[in-house]
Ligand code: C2E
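Form predicted alone, single chain, as structure tokens, below.
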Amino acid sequence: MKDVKKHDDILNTASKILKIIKQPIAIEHYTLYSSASIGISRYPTDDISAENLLKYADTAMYKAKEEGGNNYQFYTREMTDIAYEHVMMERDLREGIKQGHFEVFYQPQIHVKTGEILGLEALVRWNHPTVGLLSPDIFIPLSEKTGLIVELDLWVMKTAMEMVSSWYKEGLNPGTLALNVSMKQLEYPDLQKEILKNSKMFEFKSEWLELEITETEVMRNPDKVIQILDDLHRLGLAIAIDDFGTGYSSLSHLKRLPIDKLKIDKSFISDVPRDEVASAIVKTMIVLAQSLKINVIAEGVETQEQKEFLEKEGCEQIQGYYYSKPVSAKELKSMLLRQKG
């Protein structure tokens, strides 16, 4: 646009483009619908270089797509800063995997009556060389977006299986190792080979391993997931459905899935026992798991009241800050030594 006198002129033109493109198109017996995502940069406000102005408009256009499309976005300096941060973070992520800047932490899974450690959930942390220890909320979404999640998950699997096997060899009893797996990792063609290779290398028994997949991931493509999990289950390892209650799975799918454990999401546990609705939902989940002869564990347990409620309702396993936050391998070994006595 040339000779723009008012900001509203830009808005009006962008709105007209969106309106025109939204008009249905009739081709033979079909009616086609389209929409646009528009990015806008301004001269000389944003830059004086034509190349940069096109680049900035492109950045704004992707922002419009992220907002659902069929809208327009103006370029802002913050967009460039965010894009730069993502590029730098991706570079650091790739380098961190190569250089071993990641560390596996372990959160115990506890028998609610005895306080005995029945298993461990492996959780990855990033020891960034300049920023320090980063939680998964920061880097897991980026690793999924860039496709690095498979490489990272395989590293966590290998590291954790080696550590748990070493504890067993020392006469300790860490129980079952629970590993979170993404859909990308499940679809990785050599996943079974990697599990078998690690098992042989570290003398790791299949019954020591449990794979956790979120209910949401299952429901995206249940038929495909069921087939993959069936194959993995035949290796002798256990399957757990994580974040149960958040993915709207049907009973027919639960019946078909090779499930050994349901993990009640912490969003429900946080409100018991004071909230009647949350308490009723958790009670129902426990009864459902028991009727299906599936183990049930509650995550996010933080208070004595929550622990007592779950114990009363028949939930035998808990996980959360009430007992322990995720800890390093060294700290977890100390727990196992104390348990051994």
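What you are looking at is a predicted structure, and each value in this text was computed from that prediction instead of being measured. Residue numbers run from 1 along the displayed sequence.
Not pictured, yet referred to below: the form predicted together with the named molecule.
Residue contact with the named molecule in the model of the complex: Asn198 places no heavy atom within 4.5 Å of it. Contact annotation: Ala238 falls outside 4.5 Å of the named molecule in the model of the complex, judged by heavy atom distances.
In the model of the complex, the named molecule sits beyond 4.5 Å of every heavy atom of Leu310. Taking the partner from elsewhere, Gln107 is found to have a heavy atom lying within 4.5 Å of the named molecule in the model of the complex. Among the residues Ser165, Asn180, Gln73, Thr159, the one placing a heavy atom within 4.5 Å of the named molecule in the model of the complex is Asn180. Between the options Asp58, Glu67, Asp47, Glu302, the residue in contact with the named molecule in the model of the complex by a heavy atom within 4.5 angstroms is Glu302. Shown alone, this chain has one stretch from 115-123, 201-209, 254-262, 88-96 that lies within 4.5 Å of the named molecule in the model of the complex by heavy atoms: 115-123.
Residues Leu123, Val124, Arg125, Ser135, Pro136, Asp137, Ile140, Ile149 are the ones in 123-149 with at least one heavy atom within 4.5 Å of the named molecule in the model of the complex, listed in sequence order.
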